[in-house]
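Just so you know, structure 1 and structure 2 below are the same protein chain in two forms, each on its own as structure tokens.
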Structure 1
Amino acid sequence: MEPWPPADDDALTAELSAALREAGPVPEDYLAAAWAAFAWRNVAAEIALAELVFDSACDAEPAGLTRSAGSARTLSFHSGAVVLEIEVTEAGIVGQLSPPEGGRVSAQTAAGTYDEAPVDEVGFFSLGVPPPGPVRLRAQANGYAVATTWVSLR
């Protein structure tokens, strides 16, 4: 591999020139979306984050685990002992929150909450079809609260 950064001053000046020129044309709506994301900082600071640990759309199925057949996409989010698993189909989202302690689950896009539903005694809940773009689920059980990481569900 060529040494980098180039030892030659002209070569480095040319690379810097390309880098600075490239920085120009980020579309305005990309910048606007990036700025606006900051509005979610308080939520991020106040509530435990449930990380995405499995997504059937792009992760290999864990060995020995049998999931429901068909075209459903399954995702699993973990935050310590709290597990939130969802199945996304054309009919909407069905999910399970564990440990089951009742409460409610709300679904949000970057623009705000678009749906919410109660969690039953065994932890099940169902939500409407998610809009395109990044979505997060926020669960408020009786003993804990978590929010999932942002991810496009369809």
Structure 2
Amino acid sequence: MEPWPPADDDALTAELSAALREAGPVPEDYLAAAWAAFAWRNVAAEIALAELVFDSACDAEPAGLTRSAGSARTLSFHSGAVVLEIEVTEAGIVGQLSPPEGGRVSAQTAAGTYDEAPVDEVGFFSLGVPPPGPVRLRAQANGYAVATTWVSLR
């Protein structure tokens, strides 16, 4: 067994070159996700980014009572005073936008918008079942516009 990394720069360059040649082409879904991320490089100038602060799939349950148990996944996104909370089930996405200003919410993939819905006067909305892969939600209300970070919901 030879030591790693090779002591000789030429041997290291040859090994790295061989690894790159063997990798093959980049899968199409990776390219689509990369282009979608690149398109968002200047999003801060147009819209606030809502960061994921809670995900029931990987975070411990929050303190206090929960309203239901089961297979629903809950996520919470925050951007300053704006909070976007969703529950993902087999039937789709239900959520609430706070502060409740009315408006619209759209769900997007790397390929574009897959569903859009109005937000009622108390901030509730409902969207269809998310497709596999990264999804982001974009909300526009009278006083603000936010977009969530990309997250796989299924």
Partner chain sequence: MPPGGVDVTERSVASLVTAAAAGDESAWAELVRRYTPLVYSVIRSCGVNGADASDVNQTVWLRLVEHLGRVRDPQALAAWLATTTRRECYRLTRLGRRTQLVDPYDEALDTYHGFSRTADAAGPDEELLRAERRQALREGFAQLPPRCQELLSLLTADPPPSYREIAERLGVPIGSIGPTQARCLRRLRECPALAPFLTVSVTRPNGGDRDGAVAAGR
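Superpose the two forms; the largest set of C-alphas matching within 1.5 Å is the rigid core. All values reported here derive from a predicted model rather than from experimental measurement. Numbers given to residues start at 1 and step along the sequence of structure 1.
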* Asked: Quick one, which of these two is the form predicted together with the partner chain?
  -> 1
* After a core superposition, would you say residue 142 shifts its C-alpha by at least 2 Å between structure 1 and structure 2? -> no
* Cα of residue 8: shift between structure 1 and structure 2 in Å, core-fitted? -> 10.0
